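Given next, in structure tokens, is a single chain: the form predicted on its own.
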């Protein structure tokens, strides 16, 4: 088992002075594959200071210099694709084909697209007698989750670096190995010392030092709503800027006259992507009562096509959940859903047939779910789809909006115009219309307790900038 005993600061791998070691577990074999040493308060202070010093010069760097660096990092990551894929698969458990397509390709594309967005980014404009300019916010503390580890890192680091900010990254302690590879990519790309730094540890042990450091100007966090509230409270003490991308409980509405087969299949695919460990997953399927029986049958049939097993096997479509804790949590939600009256149409709490190891949960479909049920309110983060009946379109809109979250959603109609009219009334940060593809240049983020701020494209860059105005004489 490989032991990682260093953190990355000021362009160097420095010995950690932390005392704790965190094991990284393969969720399929249930065996520890590596360990990382937690960063001590002294280590974190070193990283923050490095970022603070580097900001003075990096914030003044030319746009061309930043574009060049982002492109170089993307090229290095492309050269590392195989190693990145194997690493993320081993710590997360997503099947290899999807790992390469999503977990590896998406972060590479993020660095490339961010570089492209910089080419035409508007840094200043004239407003009356004022020159309004955009300047980098400063030192960024980026805290990222385990479900799309490298992609979520790239969605913060690429635009932050592009804006002229410097970064201290605290990756998830569950999936930290990919962050080590990214730091090495910065080295190989010849990044200036201190603009990107990495510390390790669980949120509780790192937060006090990292989030309260006076030199940290902005906190960008992706994770649970519970943790997001805690980070906001800490940041409020020093009036630090905060950007949060939190949980979701997204609904897909199938309107009467829509293509039931296509809509059902796409919703099941969204719900089960990454074994359901996706914040924007469509986990509530809202169906008109007259179409309910047909859609329920289609959902069960399609869900049965998801082959579970070894993530390295090309035929595997659904890997394990990331940890034993996550597995038990999801099983608990399934049990609670059944106890509250939902009908188990497929799956359940038992280990999938034919598997004796791995943190698996069977693809699960729950029918006759009521909007007030816990399973319809709380984010499950597992392969669990809730089928909910509605009586008319207004009822469907009411159900879709009856949640504390507002991250994503989908509407399927007989035409895109029909679907769009309903989508306009859904209070979420993004809505898919009739199965349209995900756009990596569009803003990603949520309403309500799904957080605030946006990532990706030019909108992601804007989140790391401050507006400044110069009142000029006539």
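Residue numbers count along the first chain shown, from 1. Bear in mind the structure is a predicted one, so any value in this text is a computation, not a measurement.
Although not depicted, the form predicted in complex with nicotinamide-adenine-dinucleotide is the subject of the following passage.
The partner is not drawn, yet in the predicted complex one stretch among 97-105, 250-258, 73-81, 374-382 has residues with heavy atoms inside 4.5 Å of nicotinamide-adenine-dinucleotide: 374-382. For the options 163, 152, 178, 364, the residue carrying a heavy atom within 4.5 angstroms of nicotinamide-adenine-dinucleotide in the predicted complex is 152. Residue 407 is the only one of 47, 419, 36, 407 with a heavy atom lying within 4.5 Å of nicotinamide-adenine-dinucleotide in the predicted complex.
Using a 4.5 angstroms limit between non-hydrogen atoms, residue 268 is distant from nicotinamide-adenine-dinucleotide in the predicted complex. Taking non-hydrogen atoms only, residue 226 approaches nicotinamide-adenine-dinucleotide to within 4.5 angstroms in the predicted complex. Although the partner is absent from this view, residue 444 contacts nicotinamide-adenine-dinucleotide in the predicted complex, with a non-hydrogen atom inside 4.5 angstroms.
In the predicted complex, residue 230 approaches nicotinamide-adenine-dinucleotide with a heavy atom inside 4.5 Å. When contacts are defined as a non-hydrogen atom within 4.5 Å, none of 398, 402 and 432 contacts nicotinamide-adenine-dinucleotide in the predicted complex. In the predicted complex, nicotinamide-adenine-dinucleotide lies within 4.5 angstroms of at least one heavy atom of each of the following residues of 161-177: 170, 171, 172, 173, in sequence order.
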